[in-house]
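Just one chain follows, in the form predicted alone, and it is written as structure tokens.
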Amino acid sequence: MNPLNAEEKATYEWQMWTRGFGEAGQVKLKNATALVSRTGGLGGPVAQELAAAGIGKLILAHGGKVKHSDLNRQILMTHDWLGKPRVECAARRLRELNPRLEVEAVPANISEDNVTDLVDRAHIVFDCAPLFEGRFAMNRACVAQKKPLIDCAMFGLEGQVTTILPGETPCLQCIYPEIPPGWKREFPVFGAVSCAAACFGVMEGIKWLSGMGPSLAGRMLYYDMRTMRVRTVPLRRRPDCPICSAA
């Protein structure tokens, strides 16, 4: 593993004081690659917090161009980038935040055509996609390759996060055997609600990468910002799950 240089030690000094993390955890983070699906209201803050924490490489997969309706929550998007590719704006902002960060910008959403290759190039995957087709594709690829998947989701004022470890925990299709009826890409969202899910998810990823437990493996964290209630729900593997029953 590549060690920390003097600049990195100065930059990450305060977080290295965290019990169970230390310089050893920071080195592991520096040498890790994370795939983040989408850089919008969820994936944007995920990528930003990973970059700020000192991860070594980010692979960002997001198609489309910046629109006005993105700007209430997509913190890596800017007004001067309207009409331009989202993923390029995200990459630019992240490099400004952390010039040591390696960023690979993929101008396409996760699909069956690219998911296997993208997951193969990462140590950990952060699922921030709004549609279940993309989420299920990442779940299948992560189970097949035995890669950890941090699943982050939100709707309205509610959010949820879980850590999927193939062979150990329920996979996403254990939790959702089928796509919920009526689910669509556009839904009510405040940036603060999606950022909360992102921050919970990032810490789950940092804990797994650095060995600083415990994690949400086998549990789902659920929060409701209308009532400000937070709870964790136990999850169970489905013995007949077509994706992970043999994992």
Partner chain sequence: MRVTVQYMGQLGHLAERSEESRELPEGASLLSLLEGLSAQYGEAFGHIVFTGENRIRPSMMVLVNDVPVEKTTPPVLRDGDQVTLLAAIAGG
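Numbering follows the first chain given and starts at 1. Bear in mind the structure is a predicted one, so any value in this text is a computation, not a measurement.
The form predicted together with the partner chain exists for this protein as well; it is not shown, and the discussion that follows is about that form.
From the list 169 to 177, 80 to 88, 109 to 117, 96 to 104, the contact stretch for the partner chain in the model of the complex under a 4.5 Å heavy atom rule is 169 to 177. In the model of the complex, the partner chain lies farther than 4.5 Å from every heavy atom of F200.
Though the partner is left out of this view, Y12 does not reach within 4.5 Å of the partner chain in the model of the complex, counting heavy atoms only.
Looking at I124, you'd find every heavy atom of it more than 4.5 angstroms from the partner chain in the model of the complex.
Using a 4.5 angstroms threshold between heavy atoms, R237 stays clear of the partner chain in the model of the complex. If you check the partner chain in the model of the complex, you find a heavy atom from every one of G41, A129 and T227 within 4.5 Å. Taking I75, A137, V143, A153 one by one, only a single residue has any non-hydrogen atom within 4.5 Å of the partner chain in the model of the complex, and it is A153.
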